[in-house]
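First, one chain by itself in structure tokens, the form predicted alone.
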């Protein structure tokens, strides 16, 4: 009976991961199996987004709910320096060491999980974090039946509205004043829109308001959002004025 059980489990593991690309290393593959068992995943599908540091895969559980798996590349030389910059300049990771790319990516995945948790718990609309295991982050899937919601830049012109702009600004305000974090790379490429509401994604590089470059990063986020909506004919608030109002409320030492 024991051997049959093991064989059945092995077949299920193989079926689970059939459609995912073969570039994933053995250790990551084994961690995917572990996290899949933990989350009761039935099947993982092909990547729905691919960036410099990670790919995101939709997965479905045996009870029919959907999960997004963000798998960070272990060999990530082109973005390693950028990751190190955001990681080790963050006061929360002062003294942290990464002696290999895998350890660096493990820290980075934990950082994104922690940022998501801090934002989610403080009312920022982000995917709910579910689990993290080394270089794999599991979170709420934003979309329908494995099809992700569109990014802000992918919306048709008539869906880019003043209400949507106001919603993005509300998320920034909550992020800064309640979660005490600054995204640091916010633009139309990491805001998803689902059922008329925006979700902030890719928060690995987000830093606390005590970060040495916090003011510069917040100003850049505000200018990026203003630029996008203004280019689509939406009346926007002066980003410098918004910055002043937010920073006066939260700046360290006040």
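Numbering follows the first chain given and starts at 1. Just so it is clear, the structure is predicted and the values come from calculations on it, not from any experiment.
What comes next is about the form predicted together with a small molecule, which is not displayed.
Asker: Considering non-hydrogen atoms and a 4.5 Å limit, which listed residue (60, 30, 48, 39) is close to the small molecule in the predicted bound form?
Answerer: Contact residue from the list: 48.
Asker: With the small molecule left out of view, choose which of 172, 104, 179, 139 has a non-hydrogen atom within 4.5 angstroms of it in the predicted bound form.
Answerer: The residue from 172, 104, 179, 139 that makes the contact is 139.
Asker: Would you point out which of 31-39, 211-219, 225-233, 195-203 contains residues with a non-hydrogen atom within 4.5 Å of the small molecule in the predicted bound form?
Answerer: After filtering at 4.5 Å, what remains is 195-203.
Asker: Answer with yes or no whether residue 54 is in contact with the small molecule in the predicted bound form, where contact means some heavy atom within 4.5 Å.
Answerer: Judged by the heavy-atom cut-off of 4.5 Å, residue 54 is in contact with the small molecule in the predicted bound form.
Asker: Can residue 125 be called a contact residue for the small molecule in the predicted bound form at 4.5 Å between heavy atoms?
Answerer: Heavy-atom contact with the small molecule at 4.5 Å: absent for residue 125.
Asker: Hey, in the predicted bound form, does residue 110 get a heavy atom within 4.5 angstroms of the small molecule?
Answerer: Contact with the small molecule, no.
Asker: I'd like to check something about residue 68: if you look in the predicted bound form, is any of its heavy atoms closer than or equal to 4.5 Å to a heavy atom of the small molecule?
Answerer: Taking the distances in the predicted bound form, the answer for residue 68 is yes, it comes within 4.5 Å of the small molecule.
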